[in-house]
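As structure tokens, one chain now follows by itself in the form predicted on its own.
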């Protein structure tokens, strides 16, 4: 930590300048990606619509969020472990009291949190699930062949906030401001990487699913 005189200075930097830079890049990156999508436009359909777009579009978002039997049979491990880590990740993100307080300070929104033991268990389960998915990727011949640097980068920036958060929560690094600063820095790294990698699918998948359902609805086809 040569750039900082002590751990408190490092923590203040991660909560101040570094946080502002990360949030700025996160927002700008998402706007750029969304503009790329919407500015591409679509060819005007001059045919007479046979149905509504909005209803089928919203329906497709919901129905495609549930894994079909064919996909589950082909990759049960990926489906089950994927659901587990996503659910645990969002439990930690949205129901850990310090996270709720941060959201309240930024957006003015607040809701009840969950007990620390439940959050702690969710963090452990999420980390085990992510490690299992990494092992599966490294040992599955096809997945290993198809995997790129980006796949491993995405895994790393997703895993680090969980690991550093667990370390900070249990005060496994001394002094505590250093542990908390490392956790915040790992989250900022995730925010910066998010718009420019496959993590962006967390937003674009809903756009793609709505568009598919809307187009099928216009043609009078059941999605």
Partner chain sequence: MNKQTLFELLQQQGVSRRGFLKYCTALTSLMALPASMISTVAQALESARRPSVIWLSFQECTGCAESLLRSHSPTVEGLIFDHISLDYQHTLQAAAGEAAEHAREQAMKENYGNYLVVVDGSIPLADPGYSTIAGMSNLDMLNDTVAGAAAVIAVGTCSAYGGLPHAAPNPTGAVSVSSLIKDKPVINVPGCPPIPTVITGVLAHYLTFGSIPELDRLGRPKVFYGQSIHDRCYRRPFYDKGLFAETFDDEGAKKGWCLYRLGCKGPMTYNACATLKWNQQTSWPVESGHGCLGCSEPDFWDAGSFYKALSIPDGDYARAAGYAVASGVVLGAAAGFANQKTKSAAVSQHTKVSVDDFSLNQKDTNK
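Predicted model only: the values in this text are computed from it and were never measured. Positions refer to the first chain, counted from 1.
The form predicted together with its partner chain exists for this protein as well; it is not shown, and the discussion that follows is about that form.
Although the partner is absent here, residue 101 lies within 4.5 Å of its partner chain in the predicted complex, judged by heavy atoms. Mapping the unseen interface onto this chain, residue 96 counts among the residues with a heavy atom inside 4.5 Å of its partner chain in the predicted complex.
Its partner chain in the predicted complex comes within 4.5 Å of a heavy atom belonging to residue 116. Its partner chain is not drawn, but in the predicted complex it has no heavy atom within 4.5 Å of residue 73.
For the stretch 171-202, the set of residues having any non-hydrogen atom within 4.5 angstroms of its partner chain in the predicted complex comprises 171, 174, 175, 176, 177, 180, in sequence order.
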